[in-house]
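Okay, so here's just one chain, in structure tokens, the form predicted alone.
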């Protein structure tokens, strides 16, 4: 067994590490409070209390509830993009996109709370042009990232990958929404079939 005797006092975090830890705890608390109360029902006071910090500590890291939510949005989106990149890397030569279809079906089944929060936040942002602009920037960045993983179906057309990414994202989001409403109507294989029809072999070769 590991022993804690004679190890001396615990190491103190550096200033940068302490700030990163505070930020991490505030984000974890925000995720929990948003999930429990929704975006409108959540308060920065409760988020700070949940994390074990003062409201002043929260405002030293985030400008408010909007920034907390957008930061969580970015973290989730980055995580999903990493997962998709890994699946594409491993499924070179699989024209049926089975693994990616299964991933999207699981996302639809298990991420409904976050989807509901994002829908609520979008309604909130519609009355605030600056927030809509920030959401649009994130949407564009995600589309560009997806475009970078996809083959171009129309070589020689500079915008083709971006256009294809927009079409694929819109189609898959529609299937995700439909599966959340009626899971039986969108089996996992339907996601793979949608991708196969959009990128018939040999168009796709592991994103290369």
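Residue numbers count along the first chain shown, from 1. Fair warning: this is a prediction, and the values are worked out from it, not measured in the lab.
A second form of this protein, the form predicted in complex with the DNA, is not displayed here; the remarks below concern that form.
With the DNA omitted here, the record of contacts in the model of the complex names 39-47 of 160-168, 174-182, 137-145, 39-47, defined by a heavy atom within 4.5 Å. Contact annotation for residue 54: at least one heavy atom lies within 4.5 Å of the DNA in the model of the complex. In the model of the complex, no heavy atom of residue 32 sits within 4.5 Å of the DNA.
In sequence order, 59, 60, 61, 64, 65 are the residues of 59-75 having a heavy atom within 4.5 Å of the DNA in the model of the complex; the partner itself is omitted from this view.
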